[in-house]
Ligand SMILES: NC(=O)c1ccc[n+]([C@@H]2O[C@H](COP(=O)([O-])OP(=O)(O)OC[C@H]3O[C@@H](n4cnc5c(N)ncnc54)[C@H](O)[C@@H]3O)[C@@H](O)[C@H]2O)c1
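Only one chain is given next, in structure tokens, and it is the form predicted alone.
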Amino acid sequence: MFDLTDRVALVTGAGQGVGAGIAAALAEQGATVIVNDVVPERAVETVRSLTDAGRTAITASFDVTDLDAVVAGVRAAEAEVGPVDVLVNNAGNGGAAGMPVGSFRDLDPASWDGPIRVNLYGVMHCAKAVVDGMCERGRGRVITISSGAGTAGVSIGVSPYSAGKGGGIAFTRTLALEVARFGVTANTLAIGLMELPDPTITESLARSIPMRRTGTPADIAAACVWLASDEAGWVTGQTIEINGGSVTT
């Protein structure tokens, strides 16, 4: 069950955190993983950890907000390990420029671009690079990592991020309807508050969650493994909340 042997998976933003956890879980199930990150050194470190564990992985360092770079990076990786069967759109946050935080009324409109481009255009760019091949082969999985910020909204000063995440959800839903007849599925995971490097902040966040803990990369990775597998072949167009009970839809 959940065997991904002979599958090639591209995980964006996989140099750290949730992305690295997803890459590790897919590799453990037998997938060859293309590890993307905008910071090449982070991608190299993730690949090193996977190959040290006997898994198969390569790096593909490109910025998902640059369509030409995405296409070139994906084609180079596919020439090395084969066509992408599973795309996990994990790259997010505020993009390479970081996350602007503040009331929408106070934010400079110039600061909107980064979060929207990485969370919406990044998803669209990567899908554009792989979905034709998936449809032609009659098999494929697109998994977009979104957030409760894109489903229920949040009041922590990240309105452009919410807009990007919500756009990514809507795009993935519509893509699912367009490609379903070709054997390709597209789903979104809307994740909640995740553990942070500072345990004090993590503990504070956990108190607001019904299950009294923040999420871990393993929580998200397990859902990705399922959605990437044959067992989830009749699941498409869905937005699944993974948040310890914080948001229900």
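As the structure is a computational prediction, the values presented were derived from the model and not from experiment. Residues carry their position along the shown sequence, with the first being 1.
Beyond what is shown, the protein has a form predicted in complex with the ligand; the following relates to that form.
Only one of 116-124, 173-181, 101-109, 133-141 lies within 4.5 Å of the ligand in the predicted complex by heavy atoms, and it is 116-124. The ligand in the predicted complex comes within 4.5 Å of no heavy atom belonging to residue 34.
Residue contact with the ligand in the predicted complex: residue 88 places no heavy atom within 4.5 Å of it. When the ligand is considered in the predicted complex, residue 59 lies well away from it, no heavy atom lying within 4.5 Å. Although the partner is absent here, residue 164 is not a contact residue: none of its heavy atoms lies within 4.5 angstroms of the ligand in the predicted complex. Taking the ligand as it sits in the predicted complex, the stretch 31-64 comes within 4.5 angstroms of it through a non-hydrogen atom at 36, 37, 38, 39, 42, 62, 63, 64.
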